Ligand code: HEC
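Next up: a single chain in structure tokens, the form predicted alone.
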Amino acid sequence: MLSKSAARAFFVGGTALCSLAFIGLTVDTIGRIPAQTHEENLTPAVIRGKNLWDESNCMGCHTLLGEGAYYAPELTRVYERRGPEFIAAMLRDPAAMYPGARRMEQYDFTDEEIADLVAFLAWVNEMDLNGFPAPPTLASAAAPSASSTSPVASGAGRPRVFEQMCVACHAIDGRGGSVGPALDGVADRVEPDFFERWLRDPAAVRPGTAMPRLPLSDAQLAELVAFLSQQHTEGAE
């Protein structure tokens, strides 16, 4: 059993040692921040996007870098998951991207403000966060199997634009959203030229449709048309 003087010395010494360790780790962390956050990429657009993020109280619904609310999706790696086109379209008109399903407020951001927010989320996406956040555990379980009836999905893989935008509403092989119809075997149900007309302007093909006009480049449009044109049910080709 320690005497009073020994216990006092043990307490003081332990406190001093832990304090030094804490200070050392704090200094080390602060020293790593510029490199891990890529401080050199902190452009005026990124700074404006960060200020707009705070002013709009985005953390009232979303989580970023482990801080915020859990009402809406976590956004630390949203730029990697969804891409700039989807993010911009979502910020411009949330209800159009998820008709009847999303409750995100319409902020009426200008094009410049949307570009700033996209730049901010792109900067956050490039941070080295030591593995945070962890990859979704459901991603591998939801991947198409080798016996998939969608030859492109199970072989060459889905186009990036499909994974970033279309899966928000549509599914193939049970993987994706349920707001819009599943696209398994869609090439058996429509004429070959339908896909391009539909993707260019859904409302022109079917007035009143809930399908939004997606901000697709010509290359992305061609990629999606080629992909969807190959979605046949087994033995139907």
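Residue numbers run from 1 along the displayed sequence. Only a predicted model underlies this, so the values are computations on that prediction, with no experimental measurement involved.
Omitted here: the form predicted together with ligand HEC. The next part is about that form.
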Original post:
Hey, in the predicted bound form, is residue 189 touching ligand HEC, heavy atoms inside 4.5 Å?
Top reply: yes
**OP:** Indicate whether residue 129 is a 4.5 Å heavy atom neighbour of ligand HEC in the predicted bound form.
**Re:** no
Subject >> is_contact(residue 210, ligand HEC) in the predicted bound form, heavy atom dist at most 4.5 Å >> reply: yes
Original post:
Though only this chain appears here, would residue 200 touch ligand HEC in the predicted bound form if you measure heavy atom gaps against 4.5 Å?
Top reply: no
Subject >> Whether 56, 104 and 181 all lie within 4.5 angstroms of ligand HEC in the predicted bound form by heavy atom >> reply: yes
Subject >> ligand HEC in the predicted bound form - contacting residues of 160-180, heavy atom within 4.5 Å >> reply: 162, 165, 166, 169, 170, 179, 180
